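Given as structure tokens, the chain that follows is alone and in the form predicted alone.
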């Protein structure tokens, strides 16, 4: 049943993004920023942890989950390092995911034989 809820919650998050693209004049870049900031705000209000417990990866994989990850990293780093943690916490919490996406991008570019577009 957890897979069903992950699919439903993740799908609803994506539906909201698609509706924002279709019904507003927001650019995709602004929607991405909106999702990350929304993840930070919802996490700061304490509403995102129950959603993660309920939906699992359906809540953590979409971009809004990245904002939650950044917020949680800052909270933990501030508890450990004080004010300096506010500057470093987000980076240390998300470093693994960012590195993995960069490595996968390079591998895809090598396999795909990317070319200049004219």
Partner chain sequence: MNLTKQQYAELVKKASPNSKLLPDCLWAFVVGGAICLLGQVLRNAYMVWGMTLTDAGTLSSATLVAMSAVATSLGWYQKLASKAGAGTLVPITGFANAVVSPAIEFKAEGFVMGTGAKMFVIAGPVIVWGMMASVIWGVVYYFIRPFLG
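Residue numbers count along the first chain shown, from 1. All values reported here derive from a predicted model rather than from experimental measurement.
What comes next is about the form predicted in complex with its partner chain, which does not appear here.
Given that the partner is absent here, does residue 101 sit within 4.5 Å of its partner chain in the predicted bound form, heavy atoms only?
Judged by the heavy-atom cut-off of 4.5 Å, residue 101 is in contact with its partner chain in the predicted bound form.
So in the predicted bound form, does any heavy atom of residue 25 sit within 4.5 Å of its partner chain?
No, residue 25 stays farther than 4.5 Å from its partner chain in the predicted bound form.
Even though the partner isn't displayed, in the predicted bound form is residue 35 close enough to its partner chain, meaning a heavy atom within 4.5 Å?
Residue 35 belongs to the contact set for its partner chain.
Can residue 82 be called a contact residue for its partner chain in the predicted bound form at 4.5 Å between heavy atoms?
Yes, contact at 4.5 Å.
Using a 4.5 Å cut-off on heavy atoms, which residues of 1 to 27 contact its partner chain in the predicted bound form?
The stretch touches the partner through 2, 3, 6, 7, 8, 10, 11, 12, 13, 14, 15, 17, 18, 19, 21, 22, 23.
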